[in-house]
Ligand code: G4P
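Just one chain is shown here, as structure tokens, and it is the form predicted alone.
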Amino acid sequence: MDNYFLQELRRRRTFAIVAHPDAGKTTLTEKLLLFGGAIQTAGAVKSNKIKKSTVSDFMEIERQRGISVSTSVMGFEYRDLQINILDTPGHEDFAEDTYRTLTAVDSAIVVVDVANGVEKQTEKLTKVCRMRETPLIFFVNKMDREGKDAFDLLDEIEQKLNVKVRPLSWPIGMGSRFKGVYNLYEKRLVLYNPHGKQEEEESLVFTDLSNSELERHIGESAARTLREEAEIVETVYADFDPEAYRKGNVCPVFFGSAVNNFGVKEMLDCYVDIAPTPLPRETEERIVKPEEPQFSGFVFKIFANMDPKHRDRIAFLRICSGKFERNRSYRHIRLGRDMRFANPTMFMASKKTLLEEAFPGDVVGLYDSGNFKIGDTLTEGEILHFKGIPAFSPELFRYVENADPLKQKQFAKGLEQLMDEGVAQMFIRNSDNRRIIGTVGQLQFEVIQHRLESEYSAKCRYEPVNLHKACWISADDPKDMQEFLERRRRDIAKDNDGNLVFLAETAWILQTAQENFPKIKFHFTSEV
């Protein structure tokens, strides 16, 4: 490969930010963008009358509720590197979107609220990262408020998440006593000014904490505590090994306050030093390495109507190998046909810029008129199927009906596009052709209703349906499957892709079906 390509490849860092709702994830994303010069002012500027939405929350329903319900993709340059951030929904009703996003990144930053510690959603998402051996960095947020003791919190992270941690910055007090952090990674003292900005912050080189100058900056009591705690950290935790971090064996921890833009720069500077460049990806056929000259990539997300004025639909493609070029022809593997893209885009939240070329690690937005589904592969011709992009068996179900007979077309199109996006899953029952929507959270029903109305001018209503679980079914012998379908005709449906699904009304019915039909396999996730 030419030097230019390898140089661009080495410049890429692609990561997701994951957390429980309200841990401060979107605020952290925004502060990272500020450092990259990608935005000039923070969107979370609060005045008495208005609260501007943060940059990465651009869907109307997100602005109304103040939560992220859809992954945002943002890129910026920092220290001559191309950083790609994927900000994920924290709300558990949208975990599926987050799981899929984690297939498209090479590392992740986990935000933990100092007062609440490790919460349920953080546990779930970290488990997914651990399964993939994704390198993790923890950012303990809201240090300007009272919370848990730093050592207790580190123990909690290790025990609950089954990871090994290594603090690389250390807090000096917390809440009203918060004086700043000592950057163990760079041996610097960073002083907190509650009224100032990060740019004006004092950052002092302090290679030796026994230096009596320390008292002058943070006071006698804080200096004594910092020396004691820093000594414990250096004694208890092994020296930091960047290679162990990249293998997912140790997780650096930083402390700060995202809303005050404090402690964020220390983490970002360390992140760009140690984070992995784009990693190899597994396909059903073979391992794809990023430095291979032939282009390949997969779609991990589809988003309809990012701009409601233009009915655009965008497929987000993670580039895995080779170079992507505008107007070149690429093979859509599932459809078996070639496609070219005149307007591929890179993102700054909802702002889009046209791109001429992109490299492994980059996330490209492709305008899509309905050709893409989540999990689709584009290559220069080689048949590849990327692994590990799951659809989960839903837990909540409703019949969905068109509430306005004059808008049947809009209703059908809206539902189809929202299902392709992975907002929820739709099953059509074989016995009566009724549409059933399955979700992993209650909020998704509201999102579908809201988006059908605001984006497609269609109305839907829901009716209760008594279901416990929907699971995909398969069998090695078609005769076994045929017998099962005949015997359980009433409980069979098809998903959006035409795959067979068993709809179990109760846990007992599901268990009985599994016992009575041992040759039928019941799947609770469908690898797309």
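As the structure is a prediction and not an experimental result, all values here were calculated from the model. One rule holds for the numbers: they count along the sequence shown, beginning at 1.
Although not depicted, the form predicted in complex with guanosine-5',3'-tetraphosphate (G4P) is the subject of the following passage.
Contact check for residue 257: a heavy atom falls within 4.5 Å of guanosine-5',3'-tetraphosphate (G4P) in the predicted bound form.
Not displayed here, guanosine-5',3'-tetraphosphate (G4P) is approached by residue 23 to within 4.5 Å at the level of heavy atoms in the predicted bound form.
Among heavy atoms of residue 144, some come within 4.5 Å of guanosine-5',3'-tetraphosphate (G4P) in the predicted bound form.
Only one listed stretch (326 to 334, 357 to 365, 257 to 265, 159 to 167) carries heavy atoms within 4.5 Å of guanosine-5',3'-tetraphosphate (G4P) in the predicted bound form, and that stretch is 257 to 265.
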